[in-house]
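Consider the single chain below, provided in structure tokens and representing the form predicted on its own.
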């Protein structure tokens, strides 16, 4: 490795004698050149020679003289330029200013090239302002900030903006150049000399204009004008203002045109938010959403007004006694209402989650105001699965079922829905009236996903029973068919007691023609299934009867078991009163009345005659076989009124059954909680139980208290000796 040798440069020992007038002479040459540049005569100059002169001046320590001379010369020229600009009249003012600015920039470029050596050495070491920056500062101080130009420039620019706002076409290119000049002079110049005043004037302009619009326009038109103004300002910024002004000017428009009038606009009579919602004005609503989201609390106001209106609308629908007469229509209207607002949120409110959540909470609020909502939703499903979905494609069926599930999620009393749904499903399965088994199973899968296995286990058990019963009947006829001969054909559904919502009903007296085959089936079934008990549910079956009327007309009548028992009596007698029929059949009077109404009071289905003829059935009303009955159909279905809304007493009874069913669930929840926590105070038990059970129903705190008392009596829990609100679990 070689050692690096250190070099040393010594100072030049001989003193160079300079002409005493050298600096003055050289500066005169340079000063003349600057004058020529400003006077557009630069073509005759030797830039190389000028550069060398400036270089030598700095080298010979005359940098200060050169710099001071430059400042004075440029200032002199700029004063002349300033006077020329000030004398420009009218609209030529900006043109002249722009032209002189362009000239000054060209001159500055040439001067900087000549004085490049000074710029690089003398200026940094002496903390002076660089040539180009110096030129801009002098232009600012001498030209722009001259007493006559400064205010005039601002007024001219603001007037042009105003004219453009009023619809005139202005020279945007010139505006862009002048604004860029202010920007080049430094951001503070642009902000102080133009932007600050521009924003103040704009605020005043939009304050007055918005006041004028609010008095003369409806909400939709006002929002269009506000949107147009906002877009104009954005366009203005993109054409000739500094991009950093965009947020400031849009804030001004938003504050003056939207924020100041938010409440007035939203609540404007016949055209505000409520009116837009009612009339599905998607474009106007979208415009309102997009404008209001720009201002603080804007969307909160829109959301609150929408929520309040949806709640009021839903409440009116829920409480309207006319609507409650038709449960299917009632639920359809709820679905239509939900569809309407879903569409608005999707199309106009950018699918905003906060609006969707507000809509959901509104529906949950008013659906639960009506205690019969669970029953009505189940009746809607019943209607759809009986006939409403006939011939509808699989995808459309899924859409309907999903909508039903959406309403189901809003229910707080899901167990009440389950109660009714089970009853209605049982009737559909037993009467064979379901449109599609796939649709039935699909809904059960959805309910299972939503609420868990326990919710649907009994429903699935009902389908299993139907399949098993079908196999049982095949076995019965395969083994007994020959012995049965030409007697009545029997089709039995054997239902597992726990799975089906059957209420114990007193057995009615079946006609003797049927009893034989019923007994045979009982013997067959109990022979193959040891240890089981069968009880006939005569309130649930159906029968097909062959009937011959007056002129030998034959029909096949499809009737309920009760109706069959009534009709078979008329094979032997001409006339029977309601009371006599009750005694002969042992059908409960309430069911008998419904049964007789459908046999005697429905036009086209009246196989019995009633005297006196009226809708209501009294005990001494007389009934006759109607010889004159005619129908264009061979098969005549005489239905008792299908699943309808319950009467008040029935509804009360169902409620009581639901309340009874809830008790063990509440107790089980209390025991689960206490088993894991060992000790807990009353309020926390109530909170925990409510949390655990809210997916099925909202337990009443009073009921929870009673169940705790019951568990204490049965020694599952005990009260603390000191704190009576504290409970302990007893293992």
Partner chain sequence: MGFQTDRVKFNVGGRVMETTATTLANAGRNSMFGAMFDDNWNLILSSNKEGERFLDRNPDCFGILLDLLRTGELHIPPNIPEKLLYREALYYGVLDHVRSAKWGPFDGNRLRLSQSLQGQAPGDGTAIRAGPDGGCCVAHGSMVHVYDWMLDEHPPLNLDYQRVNDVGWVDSDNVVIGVSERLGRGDGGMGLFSSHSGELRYKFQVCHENQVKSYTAGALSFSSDYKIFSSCKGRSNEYGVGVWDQVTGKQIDFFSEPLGWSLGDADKLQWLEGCNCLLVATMFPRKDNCYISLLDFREKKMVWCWSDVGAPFAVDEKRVRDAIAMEDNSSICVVNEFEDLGFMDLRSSAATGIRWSSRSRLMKGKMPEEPCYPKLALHGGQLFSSMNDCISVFCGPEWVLTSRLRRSYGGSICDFSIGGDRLFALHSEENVFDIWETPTPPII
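Owing to the predicted nature of the structure, the values given are computational and were not obtained by experimental measurement. Residue numbers count along the first chain shown, from 1.
As for the form predicted together with the partner chain, it is not shown, yet the points below apply to it.
Enquirer: Considering non-hydrogen atoms and a 4.5 Å limit, does the partner chain approach residue 615 in the predicted bound form?
Expert: Contact check for residue 615: no, nothing within 4.5 Å of the partner chain in the predicted bound form.
Enquirer: Is residue 112 near the partner chain? Define near as a heavy atom within 4.5 Å, in the predicted bound form.
Expert: The answer is yes: residue 112 has a heavy atom within 4.5 Å of the partner chain.
Enquirer: Is residue 116 close to the partner chain in the predicted bound form, meaning a heavy atom pair under 4.5 Å apart or at it?
Expert: Result yes; residue 116 sits at the interface with the partner chain in the predicted bound form.
Enquirer: Evaluate residue 294 for contact with the partner chain in the predicted bound form, applying a 4.5 angstroms cut-off between non-hydrogen atoms, and reply yes or no.
Expert: No.
Enquirer: Quick one: find which of 659 to 667, 692 to 700, 678 to 686, 52 to 60 has residues within 4.5 Å of the partner chain in the predicted bound form by heavy atom distance.
Expert: Among the listed stretches, the partner-contacting one is 52 to 60.
Enquirer: Would you mind picking the one in 579, 176, 106, 165 that has a heavy atom within 4.5 Å of the partner chain in the predicted bound form?
Expert: Here the answer is residue option 106.
Enquirer: Answer with one of 387, 120, 99, 145: the residue that has a non-hydrogen atom within 4.5 Å of the partner chain in the predicted bound form.
Expert: It is 120 that has a heavy atom within 4.5 Å of the partner.
Enquirer: What residues, if any, in 23 to 55 have a non-hydrogen atom within 4.5 angstroms of the partner chain in the predicted bound form?
Expert: Heavy-atom contacts within 4.5 Å come from 37, 43, 45, 46, 47, 48, 50, 51, 52, 55.
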